[in-house]
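Take a look at this single chain in structure tokens; it is the form predicted on its own.
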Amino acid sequence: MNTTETKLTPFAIDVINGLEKKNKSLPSKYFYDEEGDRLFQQIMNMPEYYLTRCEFEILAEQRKEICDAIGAFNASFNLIEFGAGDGLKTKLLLKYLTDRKADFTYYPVDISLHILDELTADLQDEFPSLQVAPVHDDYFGALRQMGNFNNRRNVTLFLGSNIGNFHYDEAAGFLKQFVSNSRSGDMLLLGVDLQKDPGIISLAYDDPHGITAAFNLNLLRRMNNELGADFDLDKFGHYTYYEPASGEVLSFLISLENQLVYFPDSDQTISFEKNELVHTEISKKYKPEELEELAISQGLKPVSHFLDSKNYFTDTLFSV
């Protein structure tokens, strides 16, 4: 059956198309339902998940330098954030900017309406004078909207090493679209996890507490809840590994036995073989020179690198 001819949701279409492929895969953007949001908050609080702490340190200790580098007090601007989440780190910048009366509107972008609603309400309480215009969309949809906000200069935040959820060529395509939807003088603050001891990286994505496994398996629970599928979560496992040569962490669901899963909305049954893998996420780590080459190739100019004290993570500022 051609799923594009039915009235299935985009979620259902993406799921069926991904699971019908020879090498099964599911888009990582669907991790983030309400339970996925909750589990990811737990991941960010794990001692093994260094990324959030490293970037928080950068924004806490270098926010003046970052705001000066983006010219935050020279003229009015739009502050756009892809994958805003709970805003924990961004609030450090928002407080600095609002305390000093910077003239800007904050556009948080997130695919999770639940987390976006929570963030908007939270910001209204914490920063009553802040102009907030939430955007419920994925990254590429938000890119297409950027030029329609107003005539102000855009400063875009893409933090949390979310660029790592793309393969290198996909990241290049994303940055190309970013530049094509930007104007000269627009800026991008890109949070990127750097290559380091493979053991440190591996623990962040396969922790001993089982939280990353629960986060991965929740994708099956979401398909049961929203698509009426009949996945038995006890018959699937979580598998991940880090490949230092490519800098890629690859995460999978693994079928623990031969089984069939039924999707009633599309009246389709998907078969899984024992030990068959379903790719769910990539988390690429960069070398600094590789990051610069990637950005320059798509029309971005490096302005400044802001690094944490361990040199684990960078928030790199680029201009268009």
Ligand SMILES: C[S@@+](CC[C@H](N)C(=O)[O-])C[C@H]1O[C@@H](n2cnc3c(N)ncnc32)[C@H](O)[C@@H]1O
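Since this is a predicted model, take the numbers as computed values, not measurements. Numbers follow the displayed sequence, beginning with 1.
Heads up, the form predicted in complex with the named molecule isn't pictured, but that's what we're talking about next.
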item: Whether 29, 115 and 138 all lie within 4.5 angstroms of the named molecule in the predicted bound form by heavy atom; value: yes
item: Non-hydrogen atom contact residue 143 with the named molecule in the predicted bound form at 4.5 angstroms; value: no
item: Close approach of residue 84 to the named molecule in the predicted bound form, 4.5 Å, heavy atom; value: yes
item: Distance check, residue 220 to the named molecule in the predicted bound form, heavy atom within 4.5 Å; value: no
item: In the predicted bound form, residue 40 touching the named molecule (heavy atom, 4.5 Å); value: yes
item: Partner-contacting position among 172, 250, 132, 111 - heavy atom within 4.5 Å of the named molecule in the predicted bound form; value: 111
item: The unique member of 69, 270, 256, 44 whose heavy atoms fall within 4.5 Å of the named molecule in the predicted bound form; value: 44
item: Candidate stretches 145-153, 75-83, 228-236, 182-190, one within 4.5 Å of the named molecule in the predicted bound form by heavy atom; value: 75-83
item: Heavy atom within 4.5 Å of the named molecule in the predicted bound form - qualifying residues of 151-190; value: 159, 160, 162
